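Encoded as structure tokens, the following chain is the form predicted alone, with no partner shown.
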């Protein structure tokens, strides 16, 4: 469904992405990991149309999407969240999600009542029904993270890209978020590509991992194999001086 082929992106003299290739199939859940500065969020910006690459090909749902604006890519069925959540703080939680139902879908045929009904179903899915009438600014970080997911889901995606949905959460909140992501994946039958720093949590959630380091893919495969790859261990922990090339 998603095909990233030899994508390159440079910012001045810095190469953020260096011939990155990966795929995500229908219904698959894939973790994208790597140390700080590896290029993970830049890749998300490219995939979702916020940043145009300097080279390579990018196909989603059978068509080339490089050059399409973010809303057009969203209408094709690719939704994403952001590291720093930015809800409409003065609007209610349910109306934050309803906005996605009204304006994030290609058909645009949903009226306000239908949008709010759909929003309530999504809030139940992410366990926010109890705060649906509160203004978004009243939510804690964990609740805002789950609201961000519900807002993305409101656009009706086939692929959900989660950018550090678990960052900044407590241990109990992390367990709840893992449960939420698994539930969303299972009940909506969509594909998930998720950026995460917490390797322990991502291994609990994703059967497959792609690892970026210095803008390059250094490993791609089953989770249990990738986490033992010496290149991955070296990317996270470093290598001993004089240990060889």
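On a predicted model such as this, the values are computed, not experimentally measured, just so you know. Residue numbers count along the first chain shown, from 1.
Only in words, not in the display: the form predicted in complex with a small molecule, which the text now covers.
Participant: Report yes if all three of 88, 114 and 133 come within 4.5 Å of the small molecule in the predicted bound form by some heavy atom, otherwise no.
Facilitator: Checking in the predicted bound form: none of 88, 114 and 133 is within 4.5 Å of the small molecule.
Participant: Quick one: which of 61 to 69, 172 to 180, 22 to 30, 41 to 49 gets within 4.5 Å of the small molecule in the predicted bound form, going by heavy atoms?
Facilitator: Contact-bearing stretch, as computed: 41 to 49.
Participant: Can you pick out, from 204, 185, 197, 208, the residue that has a heavy atom within 4.5 Å of the small molecule in the predicted bound form?
Facilitator: Only one option qualifies, and that one is 197.
Participant: Check residue 226 for me: does it contact the small molecule in the predicted bound form (non-hydrogen atoms, 4.5 angstroms)?
Facilitator: Residue 226: no contact with the small molecule in the predicted bound form.
Participant: According to a 4.5 angstroms non-hydrogen atom cut-off, is residue 233 in contact with the small molecule in the predicted bound form?
Facilitator: Residue-level check for residue 233: no, no contact with the small molecule.
Participant: Using heavy atoms and a 4.5 Å limit, would one call residue 164 a contact residue for the small molecule in the predicted bound form?
Facilitator: Heavy-atom contact with the small molecule at 4.5 Å: present for residue 164.
Participant: Though only this chain appears here, would residue 35 touch the small molecule in the predicted bound form if you measure heavy atom gaps against 4.5 Å?
Facilitator: Yes, contact at 4.5 Å.
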